[in-house]
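We begin with a single chain expressed as structure tokens, specifically the form predicted alone.
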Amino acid sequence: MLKIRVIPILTFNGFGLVKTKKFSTPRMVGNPVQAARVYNSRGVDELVFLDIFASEQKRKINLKMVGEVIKECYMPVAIGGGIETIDDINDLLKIGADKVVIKTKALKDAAFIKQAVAFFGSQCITIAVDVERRNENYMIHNKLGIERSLKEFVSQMEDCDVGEYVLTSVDRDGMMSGFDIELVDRFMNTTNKPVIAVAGGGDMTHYGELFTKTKVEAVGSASIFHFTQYTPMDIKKELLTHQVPVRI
């Protein structure tokens, strides 16, 4: 079994770090460069940095800020926000991003994702899958007015041969009440690509449950690091008690 990755998620509003609840009411939580410096000193496996308002506000991500964040990191970094063109991806890779994270453009134009994979390789292209539950159905959350089921969207992305997914439960975002195990389990049955499960972690038992009840091999978290005493190393130590392999 591959070693589990524990990945802090930094969400950015163009000025500073924010943390949302159910993708709304963003709360300021700090400076991205300082946060990256702290996580680097704690030896996290990877870092994901997302400008969560760039696409909605029709602006590009702040490359200067991204560059400063990346300079603090000696671990792989994935960057997302406002990606619309091949040049946008190239700009991020040139300043040191290891991967890019795309959602809005993927919903609007699957052909672009296929083009990006062909140009940069699957390993560079990560797709953000933000999911909300409606009765018994899982749908892709977006502000574009696009109605798309989880199954349909993932099928499109699989056809594009993307390299990885960041799977976020909108309903669990910021709630710290546990992961949506059913969602993660269902998603893992649709792909053999790496998946980062995000949203819901609030105490150590939630992480043990996630990795013992699903086949996911990476977890992304934010609130537990912002609002509790727990660190990524605490999560790894907890997982070791469940015989889940981690990098120490």
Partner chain sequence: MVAIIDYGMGNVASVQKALNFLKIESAITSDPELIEKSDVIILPGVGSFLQGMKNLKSKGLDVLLTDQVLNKKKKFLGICLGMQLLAEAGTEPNDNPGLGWIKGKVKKIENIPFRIPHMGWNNINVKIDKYYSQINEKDFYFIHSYHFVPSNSEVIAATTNYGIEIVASIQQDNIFATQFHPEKSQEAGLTLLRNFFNNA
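Residue numbers count along the first chain shown, from 1. As the structure is a computational prediction, the values presented were derived from the model and not from experiment.
Same protein, other form: the form predicted in complex with its partner chain, not shown, and the subject of what follows.
- The partner is absent here, but in the model of the complex a heavy atom of Met75, alone among Val170, Cys160, Met139, Met75, sits within 4.5 Å of its partner chain.
- With the partner removed from view, the residue among Leu144, Met175, Leu93, Ala111 that has a non-hydrogen atom within 4.5 Å of its partner chain in the model of the complex turns out to be Leu93.
- For Glu164, a non-hydrogen atom is located within 4.5 Å of its partner chain in the model of the complex, even though that partner is not displayed.
- The shortest heavy atom separation between Val44 and its partner chain in the model of the complex is within 4.5 Å.
- For Lys193, a non-hydrogen atom is located within 4.5 Å of its partner chain in the model of the complex, even though that partner is not displayed.
- Using a 4.5 angstroms limit between non-hydrogen atoms, Val131 is distant from its partner chain in the model of the complex.
- Partner proximity in the model of the complex, defined as non-hydrogen atoms within 4.5 angstroms of its partner chain, places exactly one of 27-35, 57-65, 184-192, 204-212 at the interface: 184-192.
- Looking at 209-248, the residues that come within 4.5 Å of its partner chain in the model of the complex, counting any heavy atom, are Lys215, Glu217, Arg247.
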